[in-house]
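The chain below stands alone and is given as structure tokens, in the form predicted alone.
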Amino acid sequence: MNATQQTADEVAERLFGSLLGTVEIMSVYVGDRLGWYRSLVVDGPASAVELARRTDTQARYAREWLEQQAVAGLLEVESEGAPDERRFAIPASTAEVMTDPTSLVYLAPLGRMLGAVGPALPRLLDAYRHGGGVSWDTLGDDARESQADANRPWYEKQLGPALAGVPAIHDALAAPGCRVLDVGCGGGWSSIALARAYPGATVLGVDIDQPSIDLAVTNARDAGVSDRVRFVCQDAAALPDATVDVAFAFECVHDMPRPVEVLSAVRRTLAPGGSLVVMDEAVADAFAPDGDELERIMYGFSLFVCLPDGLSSPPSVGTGTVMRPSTLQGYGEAAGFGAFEVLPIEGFGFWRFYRLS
């Protein structure tokens, strides 16, 4: 149904449903950041007093949150009693979505992304009025950890098998001594997954955000791949020429203020025959009203996170999250790449894979 076909009541009903969703996401942020979900999983069912004691939080707030989560259908009431004695349990389905960092349905981190936006809203309004933007660094650790943790299970479980299905990429990565570059590596889980899938390769992850690099170094050490994965905080333009066999850019090109410059720098790092694989949002080929849910959520992220981040470092092309395939192809051609293709990788979360060579 397009906008002109909706009655005022239908628009109001839709907005009320969105309000419910927003409130629930905010409550997920609280339960995630305060460790309440995890305590219910690890320590078992609890009353508000017990949950507060376990997590060093306040019982009255814990009680309101527990009741709200039960009303929303995310928690179960295990036993009745006085308000502070009522005990709550977490179902396995909710536990997986909220606390299992290895699950493909681990969505609790997305609450952190919106949590990061909240304090930045006055600055976002100022940017909307006067120009400029709000950087990734301003959004802080909630945003960094949100993206890293939400993407991690897809990299760990699906990236190796996905690339194995593309012979041109798989063969290059499987060659002994393959040198891999991961541009915009963030928390490093993509680099770690590449190293695990291709033990003969060495991986260099670069990012311009030092806290993200610090997080990546810790993650690689904990994963036991520090001997083959290295991270540095620097611009891709500083990398030496012809020193990389395969390069990757996971969900970051649309954030770059000057993507052609970065892609040009990556192209120069590639040895003869090398290629760049870009993973970015699987948005529609062209703009159209009444988009699907994926299109709607990507415009949401663009409004509050990606476009303001890209515009925070002028001069900027201002791509935004909704980067159409033709836009990336244009960037690749301007950067000197001669070939562009969409790779045959299906069902990989919200994303689409491209190859530039």
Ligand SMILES: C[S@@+](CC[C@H](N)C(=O)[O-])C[C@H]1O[C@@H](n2cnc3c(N)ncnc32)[C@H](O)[C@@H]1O
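The first residue of the shown sequence is 1; numbering continues from there. Treat the numbers as computed from the prediction; the structure is a model and nothing was measured.
Unshown form predicted in complex with the named molecule; subsequent notes refer to it.
In the model of the complex, no heavy atom of residue 96 sits within 4.5 Å of the named molecule.
When contacts are judged by a 4.5 Å heavy atom cut-off, residue 234 counts as touching the named molecule in the model of the complex.
Contact check for residue 147: a heavy atom falls within 4.5 Å of the named molecule in the model of the complex.
In the model of the complex, residue 72 stays away from the named molecule, with no heavy atom inside 4.5 Å. Note on contacts: among 260, 208, 175, 284, the single residue with a heavy atom within 4.5 Å of the named molecule in the model of the complex is 208. For the options 256, 134, 270, 169, the residue carrying a heavy atom within 4.5 angstroms of the named molecule in the model of the complex is 256.
Only one segment in the set 200-208, 214-222, 76-84, 116-124 has residues whose heavy atoms sit within 4.5 Å of the named molecule in the model of the complex; it is 200-208. Residues 250, 251, 252, 255, 256 are the ones in 241-258 with at least one heavy atom within 4.5 Å of the named molecule in the model of the complex, listed in sequence order.
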